[in-house]
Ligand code: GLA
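One chain comes next, on its own, written as structure tokens: the form predicted on its own.
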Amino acid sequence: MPRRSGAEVTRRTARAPGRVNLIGDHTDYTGGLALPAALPWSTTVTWEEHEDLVIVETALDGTAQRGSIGLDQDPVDEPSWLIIAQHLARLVGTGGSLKVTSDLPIGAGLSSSAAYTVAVALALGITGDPWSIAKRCQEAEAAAGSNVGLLDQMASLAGAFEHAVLLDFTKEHFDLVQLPEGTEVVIVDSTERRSLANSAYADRRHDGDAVEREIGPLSSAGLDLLESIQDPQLRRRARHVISENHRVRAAVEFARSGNAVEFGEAMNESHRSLAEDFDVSTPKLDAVSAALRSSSGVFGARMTGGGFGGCVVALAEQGVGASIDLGLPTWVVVPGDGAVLVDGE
């Protein structure tokens, strides 16, 4: 395994934000479209190099944790955050100590794991265009047992202040999209917790693979192909992915034309599709979404992320979010900038 020159920078600090996905869930791993935004909250990692040991010290969600692992050690039964750090350290060929802090809500489905992974990658000195860095981070999360797509990492890497990010996972291209003037993003935590590694997320990915073997790439498929899918469950899965890609395209056009009402309707329809066709919502997520939609000044609301718990996101008139009280943690957020190397080269 190669070793880095002692003359190179041996201490770096990187910061990476979480994300909220406005529309376009369960489309990334089939090469589709999504419209997330980076959050104003982030995870910060400071790395100092040494030879063969990876040491991680975290202070997340009020809980301090510390772990260490040899660079070449088999990571059996180690926590995911330590496996991720070891995997990325192996890519650069050196061990080191990493100190981790975060103001992201942990476990709320706002991509705290992706923010951690991206911050570790940048602090370790992994470089390249956003897509190549995102893929290295995806591989690290897979090594830790989460077979995620590229949405979360790309939202963290490509985010921009006051903008959402249109991601095209087939073309590996992104554009910045400003939300309709006079609106704000409201996030409500359902407090229902989930884990990608232990949820039905992997089953949905398998369903997507099965559909594509039958009708070809979902990213370019039309709704007319649904009739040829014999299995009713797979037909519903395909209907969600195909229609969700259409909704993302439409939402981008609504945002660019300033049409908040139609943007909100696209969000509402996205939630219905995720609940009924993709079966990734829960009664609590449905209830929170419905309560937001019935709130004055809210244009639309949907579950956000992989599902089975987590948060609901809404687009509302500016100033409305502060008056929403569902008895649950609620935040009004302005999309933030993407990941950055704070210190070091």
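As the structure is a prediction and not an experimental result, all values here were calculated from the model. We number the residues from 1 along the sequence you see.
Separately, the form predicted together with the named molecule exists; it is not shown, and the next lines address it.
Of the listed positions (251, 115, 121, 151), a single one reaches within 4.5 angstroms of the named molecule by any non-hydrogen atom in the model of the complex, namely 151. Here the chain stands alone, but in the model of the complex its contact with the named molecule, taken as any heavy atom within 4.5 Å, falls in 142-150 among 228-236, 156-164, 142-150, 71-79. At a distance threshold of 4.5 angstroms between non-hydrogen atoms, residue 29 is in contact with the named molecule in the model of the complex. Residue contact with the named molecule in the model of the complex: residue 201 places a heavy atom within 4.5 Å of it. In the model of the complex, residue 306 approaches the named molecule with a heavy atom inside 4.5 Å.
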